[in-house]
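The chain below stands alone and is given in structure tokens; this is the form predicted alone.
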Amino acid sequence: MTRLSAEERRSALVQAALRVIARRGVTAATTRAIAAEAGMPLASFHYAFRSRDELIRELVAIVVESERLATMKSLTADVDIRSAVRAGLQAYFDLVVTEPGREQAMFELLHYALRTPGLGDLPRAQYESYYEVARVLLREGAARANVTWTLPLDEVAKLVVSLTDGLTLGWLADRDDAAAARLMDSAADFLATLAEPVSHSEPVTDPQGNPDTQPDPKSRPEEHS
């Protein structure tokens, strides 16, 4: 048997935990069940993680990072903002379709953390990670499309996450790809209305960064000697 590095062992256990949670729920994902799913002795789990809660935190971080990478890869140069948003939503949705159990596990973990002492901060951290992924995509998409958001970026990011939550839950319930595509089209159409072209006529500022309020020299009265 090939000897795994510490990082490989941790990764294998995280993936095993995802599979167990997706099939049987969080309560069934004991350290023994996770180790067995990974094909490792129980001692390997405790060598890699101090507790199951520590594994859960890493699991959330790994899933969110994979979503960030997928959505960022969807961005291309010289794209309009509607297309950028639609491509990002599609990249996320493709992950959901490819690994539906993973997204189901993430929802289960959220509810588990809400009920579990010691994990009370995890739901907030989980959603802040989602918001940050959305902010990165929206910021980069706007830069490439040469637009700016008319609402604060945090507000637009929360809209995106709310939309993807609904998209995911709806698809997990009915597995209707066509309905999901229509929802993503409508979401991209709506989000595009929240962007406007960047203005290149920036206000003149003084050295302290304050707007220059000096009148136009042409409008000044002529001086008389």
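Definition used throughout: the rigid core is the maximal C-alpha set that superposes within 1.5 Å between two forms. Because the structure is a prediction, the values reported are computed rather than measured. Residue positions are given as counts along the sequence shown, with the first one as 1.
The same protein has a further form, the form predicted in complex with a further copy of the same chain, not shown here; the description that follows concerns it.
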property	result
Listed range touching a further copy of the same chain, judged in the model of the complex by heavy atoms within 4.5 Å, from 67-75, 87-95, 151-159, 134-142	151-159
One residue of Ala61, Ala179, Met40, Ala33 in contact with a further copy of the same chain, assessed in the model of the complex (non-hydrogen atom, 4.5 angstroms)	Ala179
a further copy of the same chain contact at Tyr47 in the model of the complex, heavy atom, 4.5 Å	no
Gly166, heavy atom within 4.5 angstroms of a further copy of the same chain in the model of the complex	yes
Glu108 within 4.5 Å of a further copy of the same chain in the model of the complex, heavy atoms	yes
Contact flag, Ala173 vs a further copy of the same chain in the model of the complex, heavy atom cut 4.5 Å	yes
Residues of 96-132 having any heavy atom within 4.5 Å of a further copy of the same chain in the model of the complex, listed in sequence order	Gly101, Gln104, Ala105, Phe107, Glu108, Leu110, His111, Leu114, Arg115, Pro123, Arg124, Tyr127, Tyr131
Cα displacement of Arg52 between this form and the one not shown reaching 2 Å, rigid core superposed	yes
Thr30 C-alpha shift between this form and the one not shown of 2 Å or more, rigid core reference	yes
